[in-house]
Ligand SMILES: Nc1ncnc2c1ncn2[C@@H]1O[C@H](COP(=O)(O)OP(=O)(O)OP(=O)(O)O)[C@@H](O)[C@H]1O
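There is one chain below, alone, in structure tokens, taken in the form predicted alone.
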């Protein structure tokens, strides 16, 4: 099955995998392919590096989608055919703030939550928050109706569980037994409730407050007292996000490299996707070394160079050395290509699928740094062998 068939009809394409395998490049190339097909497309990245912005002809990216200028398409000789390509870089704090603003029942509660130091720490440091906010941003963009296709470039595999389980993690936080059975009843009593907790927990919290120099419990009490009105909205939103990423409109593409270590991480992530019932589209193996036309093209090149060396009287020894070095480079490359082919065949066996979709992008001669390079990657993905 071609990648075009795999992605046909998908509105949400989530590219995941380990770091350093070109995941951002693959995400942008998939988004570009859809834009060139006449679709309104947006790609969202969590990577703070400027690679994506530079490749798309943008000076910077922020939390709101920025359109790729028509001049960038023209410079690359590309015709969008009425399609659009937008890009953004996730800002976790701003996305969380927008959620608070959306669900706060009043301006007073909104301002209280946003100014609370506990909220400020949670909104930027709670485990899983960046991953959940990536999901939230994706949901926000799908609900806007402004785009036909959304491509998400996720964090590396090391954050796999946080990312895949982010909606559930947030739900557990806002609906935990600790909050429901212990903290909330006291915090709903305001300052009196705070005093009850302080008295009940005794000297422990008094010492903690002296050590930190902060009214720790007061901060917690104020946070939950104000944030309580937002819990139902957050829970409902998390459920919708979880439903979105498991829906037939979504698909996960696993981006990996051809080396054993990156492939092992890919298998790990694949097993998590299956365990969590996420829709899986296939592996994208980037930077694969391909054989040189079974040696025919290279053999012709060697014969031509050998003839040039024989016809040259001066520096003949140097020419022979260059030929030997070139021949050795060729043999090393062919051996590497053969090993990578075996690794990819082994990948099918490790996941137990003989017909496992594997889409390859060969190791390119030049670094991908503009739309032309992204188009080259897209051509390999969607029209390569």
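As the structure is a computational prediction, the values presented were derived from the model and not from experiment. Numbering follows the first chain given and starts at 1.
The following text describes the form predicted in complex with the named molecule, which does not appear among the structures shown.
Across the options 78-86, 91-99, 280-288, 232-240, residues that bring heavy atoms within 4.5 Å of the named molecule in the model of the complex belong to 280-288. Looking at residue 13, you'd find every heavy atom of it more than 4.5 angstroms from the named molecule in the model of the complex.
Taking the partner from elsewhere, residue 371 is found to have every heavy atom lying beyond 4.5 Å of the named molecule in the model of the complex. Taking the partner from the other structure, the named molecule in the model of the complex has no heavy atom within 4.5 Å of any heavy atom of residue 9. Along 87-108, no residue reaches a heavy atom to within 4.5 Å of the named molecule in the model of the complex.
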